[in-house]
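Before any questions on how it binds or moves, here is one chain, the form predicted on its own, in structure tokens.
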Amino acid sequence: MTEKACVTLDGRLVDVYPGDTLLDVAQRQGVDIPALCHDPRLEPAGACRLCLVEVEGQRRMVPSCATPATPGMVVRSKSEKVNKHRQTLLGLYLTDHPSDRTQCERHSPCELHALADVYHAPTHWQHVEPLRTGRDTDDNRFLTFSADKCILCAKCTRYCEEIEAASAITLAYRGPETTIATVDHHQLRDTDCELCGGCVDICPTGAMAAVLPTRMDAPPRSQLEKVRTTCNYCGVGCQLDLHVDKKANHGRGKVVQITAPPPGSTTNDGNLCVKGRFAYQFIDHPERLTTPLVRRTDGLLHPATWEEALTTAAKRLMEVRDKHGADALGFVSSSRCTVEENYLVQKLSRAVFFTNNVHQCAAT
């Protein structure tokens, strides 16, 4: 019988599987190792250096996100040396980062500030102005970049290259002037950018952010209610997290921003398209119908209750079937509906009105 492969993590013997990194092993055991540049969908980069741990026999600490877990390793993730490293590194990050956490997190959470609180990082070190340049000339109406919040973790550029295969943004310049840029400083709409907004979701500090919440002057995301729902733009069934200001619109509520659920938790694996993420202004459009309408004897449409509208529709459909036969009816559903909704439409057609005249535009 083959002996299990194991490593010793903080004094405990834990299992190791082929392809595991030290961070994978730690997360599976519920051991919290901070990492600002890590995402399970991306190849490890070891860019932020925050996930460094001690490995017995190694002269220096190693990045747990990029170090393969080798059987027999003895790993320490919570030693005094490791904790001191995390405090110092977080303190250094904060020196050219917005110091006012409330202002920094106005529209996007900042993992840097959150970790600085957890590890008691020094906040009194002298602040220096960042040398990174922004993209003030880019008037994109969906995405914005705040250079002073960027920590150069490269998650956005790696996502753009590895997940979207667009490579619309990249790291430019060198040293402290390194920043996020486009080829020849083109505006995003003039690049291969698909405006998916994945860079917004994946950014740990809010340097990449959505424009719409900023224009709304909405409350911070921490004050919004998160509601899980299904995207209505196609039949794939992507899941969305709506961030809702419940007090807006005289208590009726307002969707401030849409984000993707965490990677690995839903069908879309943390990804969204431009429509799913940004095209939600229709919810509060002044011309949107907010109540059912029924055409009465005067030939005009009048507001009605849902019960009246559904009863009227059912009655008229039954009248047509009884007078002209079931095949006088036809049902058309949409590829924007979910599979479950389209199933119900065909069931209504065949089981209730006894006609096979049912179609859905994606079937052509």
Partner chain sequence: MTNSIGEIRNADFLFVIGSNTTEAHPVIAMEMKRAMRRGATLVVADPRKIWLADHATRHLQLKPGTDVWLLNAMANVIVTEGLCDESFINGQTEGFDRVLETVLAYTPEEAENVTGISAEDIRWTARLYATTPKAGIYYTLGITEHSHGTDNVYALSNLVLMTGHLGKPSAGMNPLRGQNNVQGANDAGATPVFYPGYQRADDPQTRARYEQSWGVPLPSTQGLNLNEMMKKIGSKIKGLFVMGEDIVLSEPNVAELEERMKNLEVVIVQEIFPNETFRYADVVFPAACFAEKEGVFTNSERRVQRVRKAVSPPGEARADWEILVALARLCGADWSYNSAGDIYAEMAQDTEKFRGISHIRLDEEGGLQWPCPTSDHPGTTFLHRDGVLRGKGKFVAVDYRPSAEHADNDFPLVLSTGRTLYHYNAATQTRRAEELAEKQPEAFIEIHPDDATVRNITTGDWVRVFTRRGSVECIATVSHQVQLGSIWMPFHFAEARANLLTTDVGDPVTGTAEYKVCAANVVLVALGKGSAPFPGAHFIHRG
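Numbering follows the first chain given and starts at 1. What you are looking at is a predicted structure, and each value in this text was computed from that prediction instead of being measured. Take the two forms, find the largest set of C-alpha atoms that superpose within 1.5 Å, and that set is the rigid core.
The discussion below concerns the form predicted together with the partner chain, not included here.
Note that among 25 to 33, 331 to 339, 49 to 57, 62 to 70, the stretch whose heavy atoms approach the partner chain to within 4.5 Å in the predicted bound form is 331 to 339. Of the listed positions (V255, C150, L224, A210), a single one reaches within 4.5 angstroms of the partner chain by any non-hydrogen atom in the predicted bound form, namely V255. The single contact residue among C110, C193, A181, A121, judged by any heavy atom lying within 4.5 Å of the partner chain in the predicted bound form, is C193. Using a 4.5 Å heavy atom cutoff, Y233, H324 and N357 all lie near the partner chain in the predicted bound form. Contact check for R174: every heavy atom lies farther than 4.5 Å from the partner chain in the predicted bound form. Heavy atoms of Q239 reach within 4.5 Å of the partner chain in the predicted bound form, making it an interface residue. Contact check for N271: a heavy atom falls within 4.5 Å of the partner chain in the predicted bound form. The closest heavy atom approach of L344 to the partner chain in the predicted bound form falls within 4.5 Å. In sequence order, T267, N268, D269, N271, L272, C273, V274, K275, F278, A279, Q281, F282, I283, H285, E287, R288, L289, T290, T291, P292, L293, V294, R295 are the residues of 266 to 299 having a heavy atom within 4.5 Å of the partner chain in the predicted bound form; the partner itself is omitted from this view.
After superposition on the rigid core, the Cα of D322 moves by 2 Å or more between the shown form and the other one. Relative to the superposed core, R296 shifts its CA atom by 2 Å or more between the shown form and the other one.
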